[in-house]
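There is one chain below, alone, in structure tokens, taken in the form predicted on its own.
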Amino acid sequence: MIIFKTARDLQQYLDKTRGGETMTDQRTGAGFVPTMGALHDGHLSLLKSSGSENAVTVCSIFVNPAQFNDPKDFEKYPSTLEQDIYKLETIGCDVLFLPSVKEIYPNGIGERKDYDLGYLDTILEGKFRPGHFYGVCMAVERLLAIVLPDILYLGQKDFQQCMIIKRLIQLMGLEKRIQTKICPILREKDGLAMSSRNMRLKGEQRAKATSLYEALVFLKENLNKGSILDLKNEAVKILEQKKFKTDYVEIADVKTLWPINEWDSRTNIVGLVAAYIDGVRLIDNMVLN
């Protein structure tokens, strides 16, 4: 695995790869998995998918300060770089991009950019974390411009963020150049969705964290045609019983993410949840039908 810290060096390498100088088999193109480190099996599954489909796989690790609403949350975000590098080498990742903040934001992080994200920035995560998705877009736009991948691999756990990034690719005029693949959520044996934030869960916190999964399973198993408001309220109670502070339990159209309170039994829908356990914010989702 080759590690690059500057955009220039990475781009020179990728240009050679796309020119065929480093290809070893019939695979072509570059796959890209952007991360903030603290890698787990969910990340690795994305990288393995890329490795099976592309001549070169690039993983980036960049903890993006622009997307954190709470500076304390940014400070507490887990950093496990040595272990991350070992995991990437073990699965045969080709390239690791480790940019500095200055490399991603050459004009400084204070230079904010507006993105036409529409209603997606006003609901769910957009509502409870104002400005978060603009910070995501700032970093991802720069990373995509540097790597210019053929296929971008994202995890379904960040359901709304996946839709935001697809919108960003459209705004960049790259929807015909970059294919986006959304890969399934990987879960622990007890159902907890794999997440870097899980490293902050200790003892009783970790045991209670499965309540998000339990709430989603409850939605799925009790879904009926008609009003679903009571169903969401019952799911909130599941979380409150375990002392969670709930931001939202929502049911939305899979294609648009627009929340619904009446279901016609034909529309494909997804359950989404975000809640705090002792200051650690967790999110999860599940396609319900």
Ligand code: PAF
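Just so it is clear, the model here is predicted, and its values are computed rather than measured. Note that residue numbering follows the sequence shown and begins at 1.
Heads up, the form predicted in complex with this ligand isn't pictured, but that's what we're talking about next.
#### Entry: Distance check, Ile165 to this ligand in the model of the complex, heavy atom within 4.5 Å
Heavy-atom contact with this ligand at 4.5 Å: present for Ile165.
### Task
Consider Val95 of the chain shown here, and say whether it contacts this ligand in the model of the complex, taking contact as heavy atoms within 4.5 Å.
Output for Val95 is no: heavy atoms all beyond 4.5 Å of this ligand.
### Task
Report yes if any heavy atom of Gln161 sits within 4.5 Å of a heavy atom of this ligand in the model of the complex; otherwise report no.
Looking in the model of the complex, residue contacts with this ligand include Gln161, since a heavy atom lies within 4.5 Å.
### Message
I'd like to know if Pro34 sits close to this ligand in the model of the complex, meaning any non-hydrogen atom pair within 4.5 angstroms.
### Response
Yes - in the model of the complex, heavy atoms of Pro34 and this ligand come within 4.5 Å of each other.
### Message
Taking 4.5 angstroms as the heavy atom distance cut-off, pick the stretch from 95 to 103, 133 to 141, 108 to 116, 204 to 212 that is near this ligand in the model of the complex.
### Response
In the other structure, the partner sits against 133 to 141.
### Message
Heavy atom within 4.5 Å of this ligand in the model of the complex: which residues of 63 to 88 meet that condition, in order?
### Response
Contacting residues: Asn64, Gln67.
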